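A single chain comes next, written as structure tokens; it is the form predicted on its own.
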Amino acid sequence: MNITRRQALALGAGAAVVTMTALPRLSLADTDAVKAAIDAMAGGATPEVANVTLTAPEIAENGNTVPITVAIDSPMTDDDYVTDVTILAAGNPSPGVATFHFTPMSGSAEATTRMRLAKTQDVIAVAKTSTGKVYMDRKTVKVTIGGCGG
């Protein structure tokens, strides 16, 4: 079977079109998705910008592994303790990055993880207590090399 140059080019172009249309497109979380995630965590309460310390680098040279630490000032007693902490990345395709669960037996409400960031964006930590209070902190992380395909 002989294939002409014109047929080979047509096959290559057709394969390229099929590949490009079949690949999932990189989409970023919109502000509504981030707000919905915060509202779901808060359960109707208005988050206060207090008691949460989010530690993140100001500049991340590589978005593949960005270290994040969140610590919440809480007595961690049976009557008043942090139950959940959620980390959100506002510019990632899916804003939810991690959720940590605590009990009074945890002793302190602190967690460290590494996350991928697609681009320069806000990282948000939302903490919920057993008394129904919700706290949050936000940091902007500048990413020089994207971790989610960028």
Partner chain sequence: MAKAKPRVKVPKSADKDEVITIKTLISHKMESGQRKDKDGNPIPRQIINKFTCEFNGKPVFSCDLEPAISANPYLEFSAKVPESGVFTFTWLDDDGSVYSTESKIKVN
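Positions refer to the first chain, counted from 1. As the structure is a prediction and not an experimental result, all values here were calculated from the model.
The same protein has a further form, the form predicted together with its partner chain, not shown here; the description that follows concerns it.
- With the partner removed from view, the residue among 112, 53, 46, 31 that has a non-hydrogen atom within 4.5 Å of its partner chain in the predicted complex turns out to be 112.
- In the predicted complex, its partner chain lies within 4.5 Å of some heavy atom of residue 107.
- None of the heavy atoms of residue 35 is located within 4.5 Å of its partner chain in the predicted complex.
- Using a 4.5 Å cutoff between non-hydrogen atoms, residue 120 does not count as a contact of its partner chain in the predicted complex.
- Using a 4.5 angstroms threshold between heavy atoms, residue 98 counts as touching its partner chain in the predicted complex.
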